[in-house]
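Next up is one chain by itself, shown in structure tokens, the form predicted on its own.
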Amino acid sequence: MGGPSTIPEVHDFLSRLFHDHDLIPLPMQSFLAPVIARRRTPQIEKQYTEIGGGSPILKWTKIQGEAMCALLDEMNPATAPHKPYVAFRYAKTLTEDCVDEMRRDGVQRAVAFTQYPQYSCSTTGSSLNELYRVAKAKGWGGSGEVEWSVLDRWPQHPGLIEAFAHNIKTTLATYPEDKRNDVVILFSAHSLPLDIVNRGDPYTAEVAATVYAVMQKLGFSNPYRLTWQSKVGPKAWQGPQTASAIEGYAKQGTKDICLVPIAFTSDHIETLYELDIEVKEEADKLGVNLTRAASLNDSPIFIRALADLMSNHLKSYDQGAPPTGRQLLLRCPGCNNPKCAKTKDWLASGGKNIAA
């Protein structure tokens, strides 16, 4: 989704976010979205100011992509040189700007590689719908000019799991040895509205799969739970909320908790402000010794995982694998978004037959 790199970009970021019906379906969206964006801008500007004046997500995404491609050039010389492009939904670099850059570069082969390890229709799905929309609107990149394939999810990739486990071990090592194995590991992921979960979105299950794989890697050394953060608005959302879980454990006498952002691959406002400032302040009031495992950011283990994922994808595709995995082509049983079917059909064709 991206994030505003500077304070002046906050309003436009929020406006694009609240206008996105795939992510936040609102009644009278064209009227309500700008009203909500205007009202929320001062509060969100304050939050970004507190974390340094903007989101670092573009910086980290570029670092990750460039480091991945440097490794990939060595691992897959047959398809080198490789170049990373950033396509954000709501902030620079926007998808339309990314497609323009690809066109100027004369790109003929591309992989849409989601940086969400766990798939959700509201995140990866929304981003792929946007890619389809932009290619169609621009008349380039969607009718055979570019040969597309998709890496749409990777919740249990061994390198991803190793990177998370390494960062958790590093944080647990800061606790006294006699307390270390009693620290509760609280995995935190961005929540979803329950109506999206209940229509069959796979995100909840895939996040849980990542959590279980990480705990397997750690030898189930500690008690753990999966919690959810970033609830917005009056709707019912997937719970329990991370802050509420910490409060509940504090009441039960648990005083040592390690937070792990399990659905994010770099720092941004949900880690740097929501967890490190808001949740930490509440935990301090409750007498909880709350730590947080570092985000993946420029972890060498994680960068190697990205390169490994892409290398295997390129090799499989060159050996005849289809452009998309089978899971991507299966719509949610309660899907009510006609964009999804068109996007999936287009991606299944390798980007060759965009609908009229």
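Start at 1 and count along the sequence shown; that's the residue number. Nothing here was measured: the structure is a model prediction, and the numbers come from that model.
The form predicted in complex with a small molecule is left out here; the points below concern that form.
Within 4.5 Å of the small molecule in the predicted complex, all of 132, 346 and 353 (non-hydrogen atom): Judged in the predicted complex, none of 132, 346 and 353 sits within 4.5 Å of the small molecule.
I need to confirm a contact call. Of 161, 110, 226, 192, which residue comes within 4.5 Å of the small molecule in the predicted complex, counting heavy atoms only? Here the answer is residue option 192.
Contact residue in the predicted complex, chosen from 148, 154, 264, 249 - any heavy atom within 4.5 Å of the small molecule: Checking each option against the small molecule in the predicted complex, the one that comes within 4.5 Å is 264.
Where does the small molecule sit in the predicted complex: which of 285-293, 298-306, 312-320, 38-46, heavy atoms within 4.5 Å? Within 4.5 Å of the partner lies stretch 38-46.
Is the gap between residue 123 and the small molecule in the predicted complex 4.5 Å or less for some heavy atom pair? Close contact exists here: in the predicted complex, residue 123 approaches the small molecule to within 4.5 Å, heavy atoms only.
Do residue 206 and the small molecule come within 4.5 Å of each other in the predicted complex, heavy atoms counted? No, no contact at 4.5 Å.
Evaluate residue 268 for contact with the small molecule in the predicted complex, applying a 4.5 angstroms cut-off between non-hydrogen atoms, and reply yes or no. Close contact exists here: in the predicted complex, residue 268 approaches the small molecule to within 4.5 Å, heavy atoms only.
is_contact(residue 218, the small molecule) in the predicted complex, heavy atom dist at most 4.5 Å: Heavy-atom contact with the small molecule at 4.5 Å: absent for residue 218.
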